[in-house]
Ligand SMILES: Cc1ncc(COP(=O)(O)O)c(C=O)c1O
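What follows is a single chain, given as structure tokens, in the form predicted on its own.
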Amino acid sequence: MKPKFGIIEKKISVIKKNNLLRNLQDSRVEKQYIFQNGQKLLNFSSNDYLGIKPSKIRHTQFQSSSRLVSGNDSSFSILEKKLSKHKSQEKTIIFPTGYMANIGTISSIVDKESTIFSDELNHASIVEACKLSSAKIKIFKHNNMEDLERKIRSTNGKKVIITEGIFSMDGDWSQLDQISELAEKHGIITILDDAHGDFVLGRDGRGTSNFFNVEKKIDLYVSSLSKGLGSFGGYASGKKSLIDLCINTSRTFIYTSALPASINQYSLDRLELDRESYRKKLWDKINLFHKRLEEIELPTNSTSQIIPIVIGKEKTAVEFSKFLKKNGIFAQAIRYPTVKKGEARIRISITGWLSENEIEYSVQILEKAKRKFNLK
């Protein structure tokens, strides 16, 4: 008789063999530090970009059901109106997570008569949402407008373009001005996942579309409250008709429990702060880090707070990360399936928590790692 879990053990064995095994490690995060196994490390794996100081929020009773079943706490309406104003849109809907926001909105808007044009480096939640929808999917080469237009011209029926603002693993920006122009030219709905650009780019942190001055040309925004804002949850903003459709057809909204009101209040408090001062300080640190990387000749194609150091081999990336950790730097090795095989990397996130001295120290350690692992 074959072992009951033989096939499971075989899969785990293959993952180990390919240097792709992941393990959870108990940790505690405090400002720019992460504590693991008694070690205090500088945290370069956080998405809390602005580094807003935490506020004390009074705990409230959970609704313990969906907003449509157990009642809509007023904190949702207040926060959603503020977010609509923030994105210059008619209406907003809050989801428990950004992942659920992508799954829920995309599946609501498209149907079997639709074709989705998705950037090849889009986040896993977008990829999954496209797969779960009934739409046809066409992947266009990363930020390649010629490839996108060629695919658009060869396709009939309803069309939707989906892209990220700042790409989560490469740290580069979408060609949003050109995408908006193409969408307008061909009458195509445009969905922007701005999880990493929101609160970081544009005037007062209004995001990638504001930076490119195409806010009104984006039909639907999907974003996160857990990254730049440092709270929790996801949201979608757009025309009232689009959001109303999501409220009535989005399974990840209808069939899940609502966020606690205390989380909404936490987001509200942060949304109403002088975030621009935090944002400007963040960009001073981003620019300093990029400048220092250039000086030590450690190449990256990033232009944002997300800075990948591409290593290549998965095993080498893991060893590189371990070397950083031994020297007080917490920066994770990112491997397949998050990125392509053979394109493993160290993903560094710059946050407002970091001091100039801490940035300088981290760059010195990276320079040592570069020599040790013979990066060119």
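Residue numbers here begin at 1 and follow the sequence given. Being a predicted model, the structure only gives us computed values, none of them experimental.
There is another form of this protein, the form predicted in complex with this ligand, and it is not shown here; the text below is about that form.
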In contact with this ligand in the model of the complex (heavy atoms, 4.5 Å), from 270-278, 246-254, 225-233, 147-155, is stretch 225-233
This ligand in the model of the complex has a heavy atom of only one listed residue within 4.5 Å, and of 89, 190, 168, 208 that residue is 168
Residue within 4.5 Å of this ligand in the model of the complex by heavy atom, from 175, 125, 265, 107, is 125
If you check in the model of the complex, is residue 300 within 4.5 Å of this ligand, heavy atoms only?
no
According to a 4.5 angstroms non-hydrogen atom cut-off, is residue 195 in contact with this ligand in the model of the complex?
yes
*residue 119, heavy atom within 4.5 angstroms of this ligand in the model of the complex*: no
Given that this ligand is not shown alongside this chain, does residue 98 nevertheless sit within 4.5 Å of it in the model of the complex, heavy atom to heavy atom? yes
